[in-house]
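Alright, here's a single protein chain in two forms, structure 1 and structure 2, each given by itself as structure tokens.
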Structure 1
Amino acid sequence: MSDLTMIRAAAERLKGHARVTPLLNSAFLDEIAGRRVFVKVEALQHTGSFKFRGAWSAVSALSEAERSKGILAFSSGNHAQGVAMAARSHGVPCVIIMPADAPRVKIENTRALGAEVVLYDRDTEDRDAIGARLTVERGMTLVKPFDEPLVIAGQGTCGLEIAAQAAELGVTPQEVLVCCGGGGLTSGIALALEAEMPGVTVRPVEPEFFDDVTRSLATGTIQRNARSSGSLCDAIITPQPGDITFPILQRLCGPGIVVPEDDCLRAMALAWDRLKVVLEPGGAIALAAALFHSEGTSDIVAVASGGNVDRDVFVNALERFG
């Protein structure tokens, strides 16, 4: 189980490899939200998302024997790129199982980082089954996207940075809003802030129709999504919360926030206009929640988790809401 000790150890392994991403603020965004909004821009992390943190944390912690067998992962694209880069940096082969409907830029970037990409149909094929088969066939080491303690620990380093940067700015946020798929980033940040920023409430943010974490927290039991595809927020579409992440979310997080796709596109346009930052829909969802779906006047942090967006989706956001 991930804990603060693991997160701090992951932070040590990430030194010199991961970027310390900025915590940005804009008076224009503050005016929209009616409070100060601080944006943790993980879109500026290596490979364009926070996923590099967890990937490096997991791959760097493996023994040489485990790594030498090669690394296997499944991902819609951001975890894929993080694992591919971590594997390449360690000089080991990598296979990534990706949905065929993942954004083209994510598939192309994963291949460019040296990984072999195996595509599957989200609606008719089970990625876990494909992963299990390839693990047996090729003997590779599987690095899960969120339900893995070492990955959670790596994502938790984002929380350590938020606490340190907020302290430097003299900011005491009421809430930290985090995009949430399987819960690796949200649970990691919540574990870090439990120790480093007690009193702050971490809240998961999800797209409409894929609100399994929000419903799971409300009912106290793990809930599944009825659909497996069909959202612009592809980066955070998972069937249900993880068996490891959900108990952490349940213990440490406040209620979830559910955001319509159009608000994600609006947030993308505003991030570009006011921060000059490129975000993907799932990466902008916490900012959308901070701007349009949260109450209160106290300072708030939104984690802008990724920026790997296809050109046509980004242009659409700018044309509609820019």
Structure 2
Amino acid sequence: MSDLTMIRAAAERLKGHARVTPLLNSAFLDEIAGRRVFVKVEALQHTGSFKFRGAWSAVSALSEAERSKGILAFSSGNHAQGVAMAARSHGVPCVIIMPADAPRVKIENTRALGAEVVLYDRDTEDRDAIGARLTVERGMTLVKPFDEPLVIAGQGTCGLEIAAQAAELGVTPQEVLVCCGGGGLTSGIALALEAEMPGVTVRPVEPEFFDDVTRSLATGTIQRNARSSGSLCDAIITPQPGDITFPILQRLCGPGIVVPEDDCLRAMALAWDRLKVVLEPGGAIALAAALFHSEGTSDIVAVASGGNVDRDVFVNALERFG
């Protein structure tokens, strides 16, 4: 079970390997929100997203013997890159299983980070079977993207940094908004802040039409999304909250916030203009919630989870809202 002790241990393992990302603010953003907004910029983490934290946490916790046989992950996105870099830095083999129709640039980036990419056909092949075969044949360890205590603990280190940086700035936020897919980042941050920033409310933020966590929290049981694709916020689309993450979210989080896609693009343009950072749509969603969908006037933190965005999407955000 993930807890503060595991998060602190993960922080020790991440020290000197993960970046301490900055907590930025801008008077211009404060004016829009009607309150002070502090943005934890995980887009500036290695590989452009918080995923490196969880990946490093999981890979570094393995025994030498386990690790040397290699690391395995399913992902075409931020988790793939985080795991690939963590494995390479440990000098161990890494296989990333990706759909053959994944964007060429994502396949190339993952390969460039030293991973062996195994492609499968979504229609005719079973990725789980491929993964199982690699696990058996090569003894590789699967690193899950969110429903894994060591990964949650790694993401929780972001929460420890938020608490330390807010204290340094003399800020006591009322809420911390976190983009939420499977809930690894949100649950990790919630666990860290339960101890380090008592009284703060952590709230998951999701895109319109993909609000499984918000509905799950409201009803008290795990709810699924009707759709599995079709959002610009591709990095944070999952079918439903995790079996491990959901009870943590349920115990520790306030109600979810649901944000229309256009507001993510608007927040991307503002982060470009006012913070000088590059965010992907899903990475900008908590900032969008803070700017356009929050109530109250007390200080608020938004976690900007990643910046791996296609050029055309980014240019579109600037042309429409920059």
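These numbers were taken from a predicted model, which means no experiment stands behind them. Just so we're on the same page, rigid core means the largest C-alpha set that superposes within 1.5 Å between forms. Please note that residue numbering is based on structure 1, beginning with 1 at the start of its sequence.
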Form selected (criterion: the form predicted in complex with a further copy of the same chain) | 2
Core-aligned CA displacement of Asp101 at least 2 Å between structures 1 and 2 | yes
Cα displacement of Arg138 between structures 1 and 2 reaching 2 Å, rigid core superposed = yes
Honestly, after the rigid core fit, is Glu208 moving at least 2 Å at Cα between structures 1 and 2?
-> no
Distance the CA of Ala129 travels between structures 1 and 2 [rigid core superposed, Å] = 5.7
